[in-house]
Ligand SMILES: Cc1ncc(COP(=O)(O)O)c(C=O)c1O
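Presented below, as structure tokens, is a lone chain in the form predicted alone.
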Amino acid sequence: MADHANPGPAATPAGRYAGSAAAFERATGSLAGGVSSNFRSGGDPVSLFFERAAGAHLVDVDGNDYVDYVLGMGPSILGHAPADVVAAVADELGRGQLFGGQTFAEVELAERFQGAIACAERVRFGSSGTEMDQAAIRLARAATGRDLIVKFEGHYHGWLDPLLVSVAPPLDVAGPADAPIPHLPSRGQLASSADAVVILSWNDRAALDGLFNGPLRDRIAGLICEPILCNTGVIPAEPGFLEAARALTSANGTVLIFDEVITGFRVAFGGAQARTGVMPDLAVFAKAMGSGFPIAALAGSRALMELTSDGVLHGGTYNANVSSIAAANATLKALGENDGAAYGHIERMGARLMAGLRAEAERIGTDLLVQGIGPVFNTTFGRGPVRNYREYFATDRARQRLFLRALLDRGVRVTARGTWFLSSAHSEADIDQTIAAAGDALAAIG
């Protein structure tokens, strides 16, 4: 059995990852922490540096080739460097990037949204999901004249203060499960950031009912959630939970906001609202809509969205820049072609991979937990299904880390939180390679 603390000489920075280790050392002399996002730090054994990517494969500076299930943290739903998207952007580069005005392509993209997304009576474009989540809660407060925003433990809605609350709280400070205490994870956050946020446990119908029938109900401006909790374990809403949230918010005059930064154009062409059959008042999109180019969108009812022309400020120099709009138009065109054939392929590859991982775990006799859906799923260790953040917290994430490292050493790259993203570029051969690597990895970690 392999040494869990030391998977082997070939997996050390001095061997397989020597180039990345040297590059990271150099980076620490100029980049704060050696990275440009905290979510890229702390790599095991080192934060990797990459040279190129194509389709479902990624190559690092040491020449290691990976079947990639990170996909840039989810955006590359067509795979890396998809030809149609690259060609569309290249065709626009010579025409300029920022005009300080509108383009027909921007309107075309908004019309594509209207055709795909149930709630999209009107659309605004921005540069990141974080930014558009802030726009959504501003609209909710403006429309209702109320202050409180409801969110759920384990749900991530960007790194800015008003919503960076109880994303991954230590349980010793999180309070009871039926009445969580808001937790601020970052130094430098004002304590008052938590004052206007109410935290609930995901899939706790009783707590949801209690809040909307309790003394705070008249202060609730908006309820925001990932309709499928992809940032923590890929946990779906239990039957009836989203429907209850829709009914309670409607009855209370509260704005229901879906954070579809991950699920939008990934789990279905119409997003999670199409897959679940529940339509929010506002929804935020990013990631998969642009194939890796920086773009995001806020879509919603005409009455709410038109408040941006009636005293609610939303701005941004880079909003609807030419390259990102071209990338998004090309991406959505490709995803919608042939009655959404790309989604059929992604679902099949994802389902086959999930089944293969479960089969390998059963063969070896380990408690690998595979949870989610074809386009996005999670692996950790323990009993399932996992219903909320606290149940995910209780899984064996130390063994999860060992598994992910063992996969990396065998040419399979997965996100550090154990979430796997599929693309239309993943092939049967990629899935076969991955299942074989996973079997070896499971055997190696014991």
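Counting begins at 1, following the sequence as shown. Only a predicted model underlies this, so the values are computations on that prediction, with no experimental measurement involved.
This next part talks about the form predicted together with the ligand, which is not shown.
For the ligand in the predicted bound form, the listed stretch (261-269, 243-251, 81-89, 191-199) containing residues with heavy atoms inside 4.5 Å is 261-269.
Taking non-hydrogen atoms only, Gly374 never approaches the ligand to within 4.5 angstroms in the predicted bound form. Not displayed here, the ligand is kept clear of Asp281 by more than 4.5 Å at the level of heavy atoms in the predicted bound form. Within this chain, Glu226 lines the site of the ligand in the predicted bound form, having a heavy atom no more than 4.5 Å away.
The ligand is not shown here, but in the predicted bound form it comes within 4.5 Å of a heavy atom of Tyr156. Of the candidates Gly129, Pro180, Gly350, Gly222, Gly129 is the one whose heavy atoms come within 4.5 Å of the ligand in the predicted bound form; the others do not. A single residue from the set Asn231, Gln134, Thr308, Ser323 has any heavy atom within 4.5 angstroms of the ligand in the predicted bound form; that residue is Asn231. Although the ligand is not shown here, in the predicted bound form the stretch 265-288 places heavy atoms of just one residue, Lys287, within 4.5 Å of it.
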